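So this first bit is one chain, no partners, the form predicted alone, shown in structure tokens.
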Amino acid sequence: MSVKKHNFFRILFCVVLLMGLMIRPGVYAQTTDSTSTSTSATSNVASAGKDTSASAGKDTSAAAAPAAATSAVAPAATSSSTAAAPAEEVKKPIDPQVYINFFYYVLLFFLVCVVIGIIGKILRVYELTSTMQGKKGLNKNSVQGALFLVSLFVGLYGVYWSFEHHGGMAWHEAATEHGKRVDAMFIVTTVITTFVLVVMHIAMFSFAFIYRGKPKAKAYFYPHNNTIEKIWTIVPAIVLTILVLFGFFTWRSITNVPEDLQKSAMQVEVMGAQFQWTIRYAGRDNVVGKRNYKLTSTTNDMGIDFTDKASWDDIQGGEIVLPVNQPVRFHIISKDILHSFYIPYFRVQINAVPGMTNYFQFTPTITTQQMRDKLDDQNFNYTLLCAKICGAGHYNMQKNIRVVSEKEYKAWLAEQTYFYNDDMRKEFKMAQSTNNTNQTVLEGGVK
């Protein structure tokens, strides 16, 4: 029965190997065909260019009629090529290299399994030979204990490697004042948890090796120890209490802003909706006008209540532009479902909840250009994201953020438009006249 099983796996491995070998020539042929096709197309274009230039050189006066005909045909050719372009994009085949990579890793996996199986068979033969010769075979407990030690060192190196590489990829300087406090809390938590991780793994894996089963060793039954129970109950409780209080007071210092600082900060309202962010800047009065969901329409997407004159100078922002080193207070709302206002580099994340307004106030300290220079990436931009999975278009719910100087901010602000534009004025006046008419009818009916 075992022979049949081994034969089955050998046959399966050979089949997969042959499939991989069969796919490779086809891929190379397809690549060669595409290369030759592009080369021939290039040569055709070049020859056409030569013919055209030659004909133009031979007879300049007779070129007017062909030129007119060419210009007459050009729009049709252009439109046909334009219409064909999307079709080519849709029918674009999957890169054959994907299949090559897939089968490569499948074959590599089978190869590793074969090597492990061979090592196991060698150890089994050695053990049987030692038993036939009257010698002691391998102590499996010692082998497993040694494997635990190897796993310990490999795992600790993996922790170091993760900090060294992934830490550098994910960790960047905070671009806000409060971000430094959040980073300090994160570092303290990381240091404590990493210390516990390393110490506990050293203890567990070392114990598995030191107290492995031995022929003459006798296990010691150790059912209970009150001192140890107290230590591993009280110490974690104290550490967790410190971390919780640290987080509580840090969050309180960030969110509980004095009232005078709230009013002096720049006011910006952000509304989340599937799947976009809508931005409203307070006008010259630095007061965001009232809104009412019942007033939502195609022209009044945010449902702004224009009976409140504070909303007349509110500014519509296509992007979020903030002056550096100036406090800004965000009013965060949602039009439909739960979203999350998340700016990683600003260390900002708070939910946008339907029916209520959340607030988050912070001060940006690093301009976009300064951060680009720090990261050596001139294409970098701060980005507002949604941190709640809110539907099929969740991935696309982004808004660009620029932190600039005061002068650049004022220049940008002067170019923006008001929510209370001509179309909105017409709609508002029509709504008012309708309301007045209805009020008159009601009063006449009462009389």
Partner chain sequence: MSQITLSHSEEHHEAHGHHHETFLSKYVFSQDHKMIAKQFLITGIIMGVFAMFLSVLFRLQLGWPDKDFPILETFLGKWAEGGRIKPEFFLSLVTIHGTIMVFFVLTAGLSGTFSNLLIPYQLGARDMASPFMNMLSYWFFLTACVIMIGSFFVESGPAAAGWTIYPPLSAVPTAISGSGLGMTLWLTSMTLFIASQVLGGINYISTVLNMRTKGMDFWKMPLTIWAFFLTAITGLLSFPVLVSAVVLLIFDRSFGTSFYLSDLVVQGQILPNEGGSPILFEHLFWFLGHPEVYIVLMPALGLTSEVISTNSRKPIFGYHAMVYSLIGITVLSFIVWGHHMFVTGMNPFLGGVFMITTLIIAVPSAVKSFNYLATLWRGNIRFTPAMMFAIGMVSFFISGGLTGIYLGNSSLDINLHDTYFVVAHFHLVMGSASIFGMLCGVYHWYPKMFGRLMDERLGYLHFWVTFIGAYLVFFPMHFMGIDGVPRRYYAFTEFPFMAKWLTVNTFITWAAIFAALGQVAFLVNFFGSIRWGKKAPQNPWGSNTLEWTTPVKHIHGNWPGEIPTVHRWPYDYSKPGHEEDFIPQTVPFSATMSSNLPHDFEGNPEAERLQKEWEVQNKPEEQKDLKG
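For clarity, a rigid core is taken as the largest C-alpha set superposing within 1.5 Å between two forms. Positions refer to the first chain, counted from 1. Here the structure is a predicted model, which is why all the values come from computation and not from measurement.
The form predicted together with its partner chain exists for this protein as well; it is not shown, and the discussion that follows is about that form.
When you look in the predicted complex, the only residue of 266, 371, 182, 279 with a non-hydrogen atom within 4.5 Å of its partner chain is 182.
This chain lacks the partner; the member of 316, 365, 141, 286 within 4.5 angstroms of its partner chain in the predicted complex by a non-hydrogen atom is 141. Partner contacts here mean any heavy atom within 4.5 Å of its partner chain in the predicted complex, and among 304-312, 109-117, 319-327, 258-266 they occur only in 109-117. The closest non-hydrogen atom of residue 169 lies within 4.5 Å of its partner chain in the predicted complex. Within 4.5 Å of some heavy atom of its partner chain in the predicted complex lies at least one heavy atom of residue 127. Although the partner is absent from this view, residue 173 stays clear of its partner chain in the predicted complex, with no non-hydrogen atom inside 4.5 angstroms. Within this chain, residue 421 is remote from the site of its partner chain in the predicted complex, having no heavy atom within 4.5 Å.
Contacts with its partner chain in the predicted complex, taken as any heavy atom within 4.5 Å, map within 176-206 to 182, 185, 186, 189, 190, 193, 196, 197, 200, 201, 203, 204, 205. Residue 349 is not among the residues whose C-alpha shifts by 2 Å or more between the shown form and the other one once the rigid core is aligned; its shift stays under 2 Å. Positional change of residue 224 between the shown form and the other one reaches 2 Å or more at the C-alpha, relative to the superposed core.
Core-superposed comparison between the shown form and the other one: the CA of residue 325 stays below a 2 Å shift.
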